[in-house]
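The chain below stands alone, shown as structure tokens; this is the form predicted alone.
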Amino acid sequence: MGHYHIEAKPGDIAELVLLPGDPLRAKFIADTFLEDAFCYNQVRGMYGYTGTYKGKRVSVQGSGMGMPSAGIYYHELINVYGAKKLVRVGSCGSLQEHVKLYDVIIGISAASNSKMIERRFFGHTYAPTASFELAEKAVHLAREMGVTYHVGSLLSSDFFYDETGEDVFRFAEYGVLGVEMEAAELLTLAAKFKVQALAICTVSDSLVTSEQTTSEEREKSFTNMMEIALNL
């Protein structure tokens, strides 16, 4: 099997991999939390690092924006490098009034408007679902840390700038908490290849109130989500 997008050597990548979309957030996590971290990947500027956290090996790999990009990294991490626990750590937009800026969403499932999911099932729907074990542990950690968290469904959209006029609040009517761009593909691939996956997102903006965080605020305030993921 070709592995064209990650240049790591066998054994370079840990069984637990954190997956921010932004490669610079991968670098931030490595610099801030990991001991003896080394960079195993720079292909296309998509940085990947492995180090230790509280004595355990952890990797962190940037995956880019959107499911077509992220799916490539998820697939190679699982099938070439033996990743067993994959945790998305990303930003999302809130679809609910009670889900505020900086709150953490523990995504136990992911709806999607993407053809990537639908195509696998011949036009039928599929319900991508997270690992219960990881979700349960993440909730326990969030509670211990005193983090404001919500457990529920995310919407993984193919659009960031959506000019179709489609109403994403239809998903909100059915209880979806936030919108992002990668979780559904992660949970789908994890199910297929029988590994564990979870999406943890921090609310960076609200589609309800139009509030937004700055890039600096996002970098400094998203550490709660990172710490939850590292302790999984």
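All of these numbers come straight from a predicted model, not from anything done at the bench. One-based numbering along the sequence shown.
In what follows, reference is made to the form predicted together with ligand HPA, a form of this protein that is not presented.
- In the predicted complex, at least one heavy atom of L207 sits within 4.5 Å of ligand HPA.
- Though the partner is left out of this view, S131 does not reach within 4.5 Å of ligand HPA in the predicted complex, counting heavy atoms only.
- In the predicted complex, C92 approaches ligand HPA with a heavy atom inside 4.5 Å.
- The closest heavy atom approach of Y102 to ligand HPA in the predicted complex falls outside 4.5 Å.
- The partner is absent here; in the predicted complex, the one residue of A30, M181, V195, A172 having a heavy atom within 4.5 Å of ligand HPA is M181.
- Heavy atoms within 4.5 Å of ligand HPA in the predicted complex belong, among the stretches 117 to 125, 132 to 140, 73 to 81, 92 to 100, to residues of 92 to 100.
- In the predicted complex, F159, F160 are the residues of 152 to 174 with at least one heavy atom within 4.5 Å of ligand HPA, listed from first to last.
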